[in-house]
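We begin with a single chain expressed as C-alpha cells, specifically the form predicted on its own.
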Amino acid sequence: MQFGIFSVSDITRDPISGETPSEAERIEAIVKIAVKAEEVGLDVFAIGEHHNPPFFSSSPTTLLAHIAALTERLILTTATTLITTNDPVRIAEEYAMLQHLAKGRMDLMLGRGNTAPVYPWFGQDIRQGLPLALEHYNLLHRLWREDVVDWEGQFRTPLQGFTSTPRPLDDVPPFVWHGSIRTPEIAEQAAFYGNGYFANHIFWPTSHSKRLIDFYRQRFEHYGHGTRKQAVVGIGGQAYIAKRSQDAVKEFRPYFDEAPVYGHGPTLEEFTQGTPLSVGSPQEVIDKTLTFHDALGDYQRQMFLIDHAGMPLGMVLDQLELLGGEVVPVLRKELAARRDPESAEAPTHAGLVKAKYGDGPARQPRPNANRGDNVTGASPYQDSEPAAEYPEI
C-alpha cells in the first residue's frame, strides 16, 4: 500500500492573513512540501497540470524532475496529465525522460481535465474530449512499447516510421493510472489496457466511487488481466488533522469556507458527513480512511490533498508531520492486516522490471539502424507486436 499527497497547484488568498502568495513563493513551497513528504515517510508525491490562473503547474515534468534530484525514495507522479490537450508524442518523450532522471521513481495519471477553455488553447474541441482521451492514449501506449510506429488517427497528423526517444528506462514503460471522477468510459479504458484506475474520491460520496471502481474491476477481469481482486486501484481524499478534533475544525473552517472549490456551499459539517473529507484528530482521520477499505476493498494507493485553499506553508508542513507521524503508520498496519493475499502489489518500476525480466538483466535500448530512422522514415525491424486497438464504446 502506498500513501502520498497530491496538489492541484492553486494560488489562493489566505483568508486569515489576507495575503496571496506569488507564483515564485508557491512554487518554492511545493518543492519544500514534496521533500517533507519523503522526510516523514510518505511514498508518493503528485502534482496536477493546469494552464490557467490561479494555478502554477503548467509543466509537471520540469517540477517533478527537480524534486527527483532532491529526493531519494519518493515516487513522483501527476494528478493529472492532460491526455486530451497534450500531444501523446510529447507525453511519451517528456515522461520517458523523467523516468530516466528519476531512476524509475515515477508514474503518471492521465485524465481529461476539468477546465473547458484549455481545449481551444491547444487546438482541440471539448466536445471531443472522450474520443481524444481514447485515441491519444492508444498512441501513447504504442509509442512506449513499439520501437517503430506507423500510425494514423483522427486528431493529429500521421506518423510513419517514428521512434519516440528516449526509450523507456529498462525498456519498461512508466506505470499509467487513468483518473476519473464520473466517466465509466475511462474506467473501461484502464481495464482494457490492464492499467491502474484512480478514483478522485473527493467531491462525491464513497458510494459513487464504489460504482466506478466495481465496474473497473469487473472489466479488468473481463479483459484477462487477472481477477477482480488483482485490479490496481488508487483513491484520493482530503484531510485536515490536529491533535484535538475541535482544534482541527476551528483551524480549517476559514479555509474551507473561502475555498474556491467548495466554499460558500454546504457547511464544513455537511461536506465532511457526505464526502471523504476528514477533519479531526489523527484517530478520526484513521477511522474514516479505513471506511474506504470497508467499502472499496483492497486498493494500492491512497492520496491526500492537504495544501490548498490558501493554507500557508507552515500549516501544510505541520499537517505532513501529523499525517506521516501519526496517521499513516497506523493505516499501514491496519490495512496490511486486512489485505487479501490475492490482491495486487502497489506498482513500482522495480516490480514492473521484475515482471518483465524475472531475475535476468533488463534491456537497455540503444539507437541503431534496426530501431528505425526518423530521418528517412525507414523501419526495417520492430521489436514488439503492435498494441491492440482500443474498442469503440
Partner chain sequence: MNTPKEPFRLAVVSAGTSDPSSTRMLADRIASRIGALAQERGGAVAVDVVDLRGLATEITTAIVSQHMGPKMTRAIEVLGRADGIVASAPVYKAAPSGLFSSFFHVLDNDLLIAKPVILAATAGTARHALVVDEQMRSLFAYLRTMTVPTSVFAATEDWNASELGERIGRAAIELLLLMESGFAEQVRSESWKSYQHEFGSAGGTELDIDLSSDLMRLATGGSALKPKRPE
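Since we're looking at a predicted model, the values are computed, not measured. Positions refer to the first chain, counted from 1.
A second form of this protein, the form predicted together with its partner chain, is not displayed here; the remarks below concern that form.
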property	result
Contact test in the model of the complex: Glu135 vs its partner chain, heavy atoms, 4.5 Å	yes
Any non-hydrogen atom of Ala295 within 4.5 angstroms of its partner chain in the model of the complex	no
Contact test in the model of the complex: Arg145 vs its partner chain, heavy atoms, 4.5 Å	no
Glu188: touches its partner chain in the model of the complex, heavy atom cutoff 4.5 angstroms	yes
Non-hydrogen atom within 4.5 angstroms of its partner chain in the model of the complex for each of Pro174, Ser245 and Arg339	no
Option touching its partner chain, based on a heavy atom within 4.5 Å in the model of the complex, out of Lys229, Lys250, Lys103, Arg211	Arg211
Residue (of Glu321, Asp257, Glu152, Asp125) lying close to its partner chain in the model of the complex, criterion heavy atoms within 4.5 Å	Glu152
Location of its partner chain contact in the model of the complex, chosen stretch of 89-97, 162-170, 68-76, 179-187 [non-hydrogen atom, 4.5 Å]	179-187
Within 4.5 Å of its partner chain in the model of the complex: residues from 212-241 (heavy atom criterion)	Leu212, Phe215, Arg219, Tyr223
